[in-house]
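One chain is shown next in structure tokens, namely the form predicted alone.
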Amino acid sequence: MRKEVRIDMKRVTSILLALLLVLPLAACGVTESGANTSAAEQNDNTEITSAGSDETTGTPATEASSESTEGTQRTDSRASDTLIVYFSESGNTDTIANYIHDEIGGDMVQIIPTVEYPHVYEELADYAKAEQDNDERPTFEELGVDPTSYQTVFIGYPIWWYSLPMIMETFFDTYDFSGVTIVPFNTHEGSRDGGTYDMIRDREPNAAVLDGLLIRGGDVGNDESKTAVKEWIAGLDLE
């Protein structure tokens, strides 16, 4: 005798309807990663120039680009006798200093002014111009290292008013780099090195000043600037 199987069509219909409701909801639950990422960073140019010049200017952002690695050392002999010291108000020169550190290692320290510079561009431009006009020597905090005790010192800065920031004049007045190899680098917005590499040679006549690297502020952070740092270091005559 064959057993009769009854199908509860009402129950089957309920199950099918439930499945039709669940599938679209599951699909809606998939979200795109990173949808709430922040907007682009502020313009971060470094050069202080006169109003109306043909060079791009911008509002300096708070100094916070790459994480500082002061005191970090690599184990190879060249890195152990290398220092990267730099002044950076907007963050561009800080970024380039970190690119250099990634390539060569060594110690790294930032030149921090004792009196904080204005962060509003117009105020900073006027402040820096007054420092230059008055031939001032703004002070900076203790570095925590003696830069003249290293064999090779990379020295970085932005171009302000087509020249060295006056705090860098204080730096070169403070230290005698006789017998040291100086490797300059700078960021700019059209003035290139502003003749500052020759200025360093003039201020440190007993140091060996190698060919420097200049990076336009608007190019900082792109792959080309990283490549430029890598190729520049590879071409330096460093022991």
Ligand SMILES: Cc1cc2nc3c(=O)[nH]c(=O)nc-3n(C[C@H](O)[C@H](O)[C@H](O)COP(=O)(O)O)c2cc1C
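All residue numbers refer to positions in the sequence shown, first residue = 1. Remember, it's a predicted structure, so these values are computed and weren't measured experimentally.
We do not show the form predicted together with the ligand, though everything after this point is about it.
Although the partner is absent from this view, V153 stays clear of the ligand in the model of the complex, with no non-hydrogen atom inside 4.5 angstroms. The shortest heavy atom separation between Y162 and the ligand in the model of the complex is within 4.5 Å. Using a 4.5 angstroms limit between non-hydrogen atoms, S191 touches the ligand in the model of the complex. For T82, no non-hydrogen atom is located within 4.5 Å of the ligand in the model of the complex, even though that partner is not displayed.
Think of it this way: in the model of the complex, the ligand has a heavy atom of just one of P138, G106, P147, G91 within 4.5 Å, and the residue is G91.
Annotation: in the model of the complex, residues L124, A128 and T187 each come within 4.5 Å of the ligand through at least one heavy atom.
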